[in-house]
Ligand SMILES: Cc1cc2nc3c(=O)[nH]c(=O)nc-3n(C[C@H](O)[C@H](O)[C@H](O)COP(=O)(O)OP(=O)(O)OC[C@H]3O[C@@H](n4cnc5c(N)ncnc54)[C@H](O)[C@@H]3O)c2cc1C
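Presented below, as structure tokens, is a lone chain in the form predicted on its own.
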């Protein structure tokens, strides 16, 4: 059998390659730059470590408390906890310079062939796919003839481009990694914070995520606001001036995030996963787990379908994906528009986060990756609190 080509050896591609390799399917993993570290907040739910058999040693810090700051700097502080207490009640903060190489190396150890090179041409034929890449070390072009392709090459996906697919709307995430003095770092031992306001993010949020020996300070800017990203980050650092005093910036980074899933993620002999498929969720901008999950699901579909690699066979992957996650994606997209629409609504969003039911249901869904059913009494309490917050923040406008 001809090998499967996985384009992109980040979290989604490495997970797909590992699934294929462990099933005995020959696989080639093509990465344009093995030294590149993807800029990323690095948050992962604990379920990812058991589901994808990732060692706990890759957790840079465990976050047990979360804070949300409104545009007027009112703060909601709460524990990371679901409907019942568990040992896994935390958000795992990772570093991509640790996580990505480990996932890649595992795939290689299980039989995947890793090539460092840039994809330049892709020709889908009846008897296979002819892929051309330029080797990074030699600069020479080489050809591969493969059975099928999994495109896991990010928001600027070359795979999607060569298939003739349109560009997805994108936002920009920009962040700095900062070493803090010991007394300042203590503030972030177990806490991550989100900041709302048009001065730091007109349509998303800004953040401080703690790592083992530093903090990542960043913000997101949606379509139409990406040119303002550096100014927004400067505003955030000014807002946090006291907490960042004495800090040393050792890395500046930025990356694009797709803001909409693709209508189709599977075609004749080709599937797209992760950012290439537009699978970043709204409201949170979370992408690592979804890249790994989609990579694994695409690989499983391919294993079950071979030798049939038609669009009809491979679209079982996208049908299964939306059967399991459509409700969650739709809800989070609506929540982003509702909660981040304007600064008054951001104040309401902050108040909503004070509701105990909201906190528990949010983290129950986040940590276990399913839409948790909402008991009717909790619905009543949440609705009452949200209506009260709407009145509180909007009534003075009309008074």
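Positions refer to the first chain, counted from 1. If you're wondering where the values come from, they're calculated on a predicted model, not measured in any experiment.
Omitted from view is the form predicted in complex with the ligand, to which the following refers.
Visitor: If you check in the predicted complex, is residue 11 within 4.5 Å of the ligand, heavy atoms only?
Guide: Because a heavy atom of residue 11 falls inside 4.5 Å of the ligand in the predicted complex, the answer is yes.
Visitor: May I ask you to check whether residue 43 falls inside a 4.5 Å heavy atom distance of the ligand in the predicted complex?
Guide: Flag for residue 43 set to yes.
Visitor: Are any of the heavy atoms in residue 4 no more than 4.5 Å from a heavy atom of the ligand in the predicted complex?
Guide: No, residue 4 is distant from the partner.
Visitor: Does the 4.5 Å heavy atom contact test between residue 339 and the ligand in the predicted complex come out positive?
Guide: No, residue 339 is distant from the partner.
Visitor: From the list 117, 222, 261, 128, which entry has a heavy atom within 4.5 Å of the ligand in the predicted complex?
Guide: Of the listed residues, the single hit is 117.
Visitor: Are all three of 19, 147 and 298 close to the ligand in the predicted complex, meaning a heavy atom of each within 4.5 Å?
Guide: Negative, none of the three is within 4.5 Å.
Visitor: What stretch, of 306 to 314, 191 to 199, 169 to 177, 139 to 147, brings heavy atoms to within 4.5 Å of the ligand in the predicted complex?
Guide: Comparing against the ligand in the predicted complex, the contact stretch is 169 to 177.
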